[in-house]
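Quick setup: one chain, the form predicted on its own, written in structure tokens, and binding and motion questions come after.
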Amino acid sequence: MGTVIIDKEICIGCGLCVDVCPYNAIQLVENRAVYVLQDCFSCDHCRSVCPVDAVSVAGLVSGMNFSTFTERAEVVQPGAGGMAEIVALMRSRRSCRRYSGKTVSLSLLKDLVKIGTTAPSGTNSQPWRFSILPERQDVLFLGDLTADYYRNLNRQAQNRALRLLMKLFGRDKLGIYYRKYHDSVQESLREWDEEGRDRLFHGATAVILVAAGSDASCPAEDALLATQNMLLAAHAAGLGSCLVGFAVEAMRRNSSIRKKMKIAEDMDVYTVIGLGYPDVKYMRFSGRRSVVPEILRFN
């Protein structure tokens, strides 16, 4: 939450900030904009729309100070962004499961986090927390923790009596896991232990964990929107990326993993992003399933 500061000497009383404010926090008084609340959710619309730069919002910075590229200062107006280029970027990005082993610079990983924060969030709460695992050894540490979780889960799933008991009282979740995932997970664990083959992160040299505060209005959506921004930006920066759902599930169900990864108790991890320089080059877009939208009209 922040406070809006309006310079009355500069303000021309156009009323644009009044019209754009979703919080009704600004009014025109004697042909000048006046902030009438103690605080709001700091969406920054008022500052961004002001034609004479008479508005500022306490606690916010306009520039993001990227380290690996120069940010464009001008706003891309609706219709001016090049839809074809954006769609091509979206279609070109795909999950990477072959990495070269080259280390990603920490400055680039930090820039990806900054880009993640440009995503929208419910009531502009920006509830994210990003944790960077910058080196392969850090990725392997999380990999070992995740592997231990699934070793234990597989031992439970192999217990027929426990599966039956869970079916009676737990909606057959353990049985579903046993039938769908046990065998493939068991083989992946064997490859991890005996061959050093990484079927979890596929050789990614860095990982970013995206968490959000459990008290936010829509933390899962907030985290996923930030994640998508980062995935597209990673592709544009020359990186491959892959979401690792098995690691998310392990952290969700095992508090000791969250503790070792220094995730606060009031935060939940929603995505684990494997990152690295790809060792594969795709020459065409991947196909997608056809979607027919349902058209709803209410007269």
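When you see a residue number, it is the position in the sequence shown, counting from 1. The structure displayed is predicted, hence computed values, not measured ones.
Beyond what is shown, the protein has a form predicted together with a small molecule; the following relates to that form.
Novice: Tell me the stretch among 28 to 36, 240 to 248, 51 to 59, 65 to 73 that has any heavy atom within 4.5 angstroms of the small molecule in the model of the complex.
Specialist: Only one stretch qualifies here: 240 to 248.
Novice: Does residue 154 reach the small molecule in the model of the complex, with heavy atoms at most 4.5 Å apart?
Specialist: Outside the cut-off, so no.
Novice: Would you classify residue 103 as touching the small molecule in the model of the complex, given a 4.5 Å non-hydrogen atom cut-off?
Specialist: No, residue 103 stays farther than 4.5 Å from the small molecule in the model of the complex.
Novice: Given that the partner is absent here, does residue 110 sit within 4.5 Å of the small molecule in the model of the complex, heavy atoms only?
Specialist: No, residue 110 is distant from the partner.
Novice: Looking at the partner-bound form in the model of the complex, is residue 95 within 4.5 Å of the small molecule by any heavy atom?
Specialist: The answer is yes: residue 95 has a heavy atom within 4.5 Å of the small molecule.
Novice: 129, 114, 202, 167: which sits within 4.5 Å of the small molecule in the model of the complex by any heavy atom?
Specialist: By the 4.5 Å criterion, the partner-contacting residue is 202.
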